[in-house]
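First comes one chain, alone, set out as structure tokens in the form predicted on its own.
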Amino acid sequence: MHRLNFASDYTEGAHPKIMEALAATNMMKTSGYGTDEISERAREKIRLACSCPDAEVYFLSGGTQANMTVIDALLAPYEGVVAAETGHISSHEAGAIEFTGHKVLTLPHELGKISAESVKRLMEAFLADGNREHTVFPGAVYISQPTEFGTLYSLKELEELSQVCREYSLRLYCDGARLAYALGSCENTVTLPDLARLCDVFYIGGTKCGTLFGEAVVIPRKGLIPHFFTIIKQHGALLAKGRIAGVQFDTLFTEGLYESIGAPAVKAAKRIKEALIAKGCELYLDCPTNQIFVLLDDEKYNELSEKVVMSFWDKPDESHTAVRIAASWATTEADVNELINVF
């Protein structure tokens, strides 16, 4: 039986322009590991988009690899990384950070976000602890834009976090797995140049935003992480055929494709959300990006599961289930209409 698939935003392959570019360059002979001319052209386009001409840009194989590699490289052996309890590294990466020997130090969240004030309180308590030499030192702060809940940090919130991190010598790292959907939201106030100005490292998501695979890690201050290329290789995140990632990001950053690719998904999600509310559905939480979180009674959930692939999100009580519906850059109007009719 055919089921509509709204489980995630990376169920499709790649944007047609990327497929065309991959086909056109398929038989080229280039150097490996991202040292080719196409990858360098992609880096220059990313630097330009971020208004950061000296940034180092590296193409890694995936999001978990990017998070694990960057965080391990930023931290000393005795340090951990601060994140929301719901952060991706805290909940959905199978202990990848801990696997490198670093503890994830979790903080309470508000719709997936941590505040500058909560980081400040953590650091004040740490510094006041006479036994802190026996504990894990906070060394970096991890956030994502959008968050796991599809919510957005405002420019003001990001500036406050950045200021606190610099005050306490913490590195600020932003996971941009779904960054295109943040940029495509009318409620967004944070630009790529803002991320480059306020974060020590961030990555531009490709896998969930139109590529077959791959993420672009941006280090705004050159030399912040010495020998990062070698560290990527140590973590198994370096692509031998690096050109394949380079071609994809070169395409994404041609004629503003990356900055525009997320908007249709956000628009589709808004239409789905409004239609489901009109049908009497209750939102589990509201967000301004490409994800819709719906609370269903279990009878309705079981009925819909036979027709739609959705992501399980939470079981708030014995008779209800919260699900996530995700639109993507490839979601069509026909997909949206069919989903609304099913509900």
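Quick note: we count residues from 1 along the sequence shown, nothing fancier. Predicted model only: the values in this text are computed from it and were never measured.
The next section is about a form of this same protein that is not shown, the form predicted in complex with another copy of the chain.
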Though another copy of the chain is not shown, can you say which of Arg221, Lys103, Arg197, Arg121 has a heavy atom within 4.5 Å of it in the predicted bound form? Lys103
Among the candidates His109, Lys270, His88, Arg171, the residue which, in the predicted bound form, approaches another copy of the chain to within 4.5 Å (heavy atoms): His88
Looking in the predicted bound form, any heavy atom of Met27 within 4.5 Å of another copy of the chain? yes
So, Thr207 and another copy of the chain: in the predicted bound form, are they within 4.5 Å at any heavy atom pair? yes
Test of understanding: in the predicted bound form, would Asn337 fall inside 4.5 Å of another copy of the chain by heavy atoms? no
Distance check, Thr11 to another copy of the chain in the predicted bound form, heavy atom within 4.5 Å: yes
Considering another copy of the chain in the predicted bound form, find the one stretch among 182 to 190, 158 to 166, 209 to 217, 251 to 259 with heavy atoms no farther than 4.5 Å from it. 209 to 217
Hey, with another copy of the chain in the predicted bound form, do Ala23, Asp72 and Leu238 all fall inside the 4.5 Å heavy atom range? yes
Residues of 244 to 261 having any heavy atom within 4.5 Å of another copy of the chain in the predicted bound form, listed in sequence order: Ile244
